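Single chain ahead, by itself, as structure tokens, in the form predicted alone.
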Amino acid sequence: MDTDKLLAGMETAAREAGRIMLEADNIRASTTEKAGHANFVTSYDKRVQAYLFDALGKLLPEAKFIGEEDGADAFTDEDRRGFAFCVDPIDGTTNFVTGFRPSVTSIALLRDGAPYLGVVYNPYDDLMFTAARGKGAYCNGKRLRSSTEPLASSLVMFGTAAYNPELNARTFALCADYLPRCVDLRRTGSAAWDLCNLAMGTIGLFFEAKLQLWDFAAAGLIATEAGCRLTDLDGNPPAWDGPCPLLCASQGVAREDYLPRV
């Protein structure tokens, strides 16, 4: 297997997905809701995913597929063996619907149940993030390293786990915990984009009480290859087989500041 060729093919697929997003028109008219609060899907999500499954299938025919619009949210035993593409065609669909940026395309290639290659593309700023396990993280070909600043000098990004209102109290308790210990909080609506910001060094920490695998598989690899620590909210290694809480910190954030105090 030629890893460089695979990664280049994933980049090409992500760039074409971005072109579809940029050319989208009258998005609200094609929008429907799935189960959960404000859980939108557009015809473009489905179109991008269909394209990606076709393009990536030609790139690595033996790979299985896990995608947001398939409805499955966890691995089967079969998915844990060999190669599997884990795809979020448009991470930040609500942003995409409302015109609030950013939205990104996320593609991870998992090998035996763990991220092996990762690509996240932000078409609005033409930023292509890539990583291969053990080979570092890059943005448009430039090596990425996470921030060396402590938490007190850093921004913290978070997600609200918006489709799970039972987690609201937990989410905002975490916000109240971190806010006095950092510069300020930010929320963009795309976990993949937030994790790429960690890799770029623009923020120091990210948390969300529940994320789906396709939200963090690619960007989680990119962040860790840039020197970040990625765990659940208790400091344990994340599960790569379905939804889980997530916490990610740059190399400058000390462990005593990294874990929540609530």
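Start at 1 and count along the sequence shown; that's the residue number. Keep in mind that this is a model prediction, so the values were computed, not measured.
The discussion below concerns the form predicted in complex with D-MYO-inositol-1-phosphate (IPD), not included here.
- Proximity of Thr160 to D-MYO-inositol-1-phosphate (IPD) in the model of the complex falls within the 4.5 Å heavy atom cutoff.
- The shortest heavy atom separation between Leu230 and D-MYO-inositol-1-phosphate (IPD) in the model of the complex exceeds 4.5 Å.
- When contacts are judged by a 4.5 Å heavy atom cut-off, Pro123 does not count as touching D-MYO-inositol-1-phosphate (IPD) in the model of the complex.
- Using a 4.5 angstroms threshold between heavy atoms, Thr171 stays clear of D-MYO-inositol-1-phosphate (IPD) in the model of the complex.
- Note on the partner interface in the model of the complex: the residue among Leu52, Ile66, Met200, Leu211 having a heavy atom within 4.5 angstroms of D-MYO-inositol-1-phosphate (IPD) is Leu211.
- For the options Val119, Ile90, Cys86, Ala137, the residue carrying a heavy atom within 4.5 angstroms of D-MYO-inositol-1-phosphate (IPD) in the model of the complex is Ile90.
- Look at 141-149, 105-113, 178-186, 91-99: in the model of the complex, residues with non-hydrogen atoms within 4.5 angstroms of D-MYO-inositol-1-phosphate (IPD) sit in 91-99.
- If you take 190-209 and check each residue for a heavy atom within 4.5 Å of D-MYO-inositol-1-phosphate (IPD) in the model of the complex, you get Ser190, Ala191, Glu208, in sequence order.
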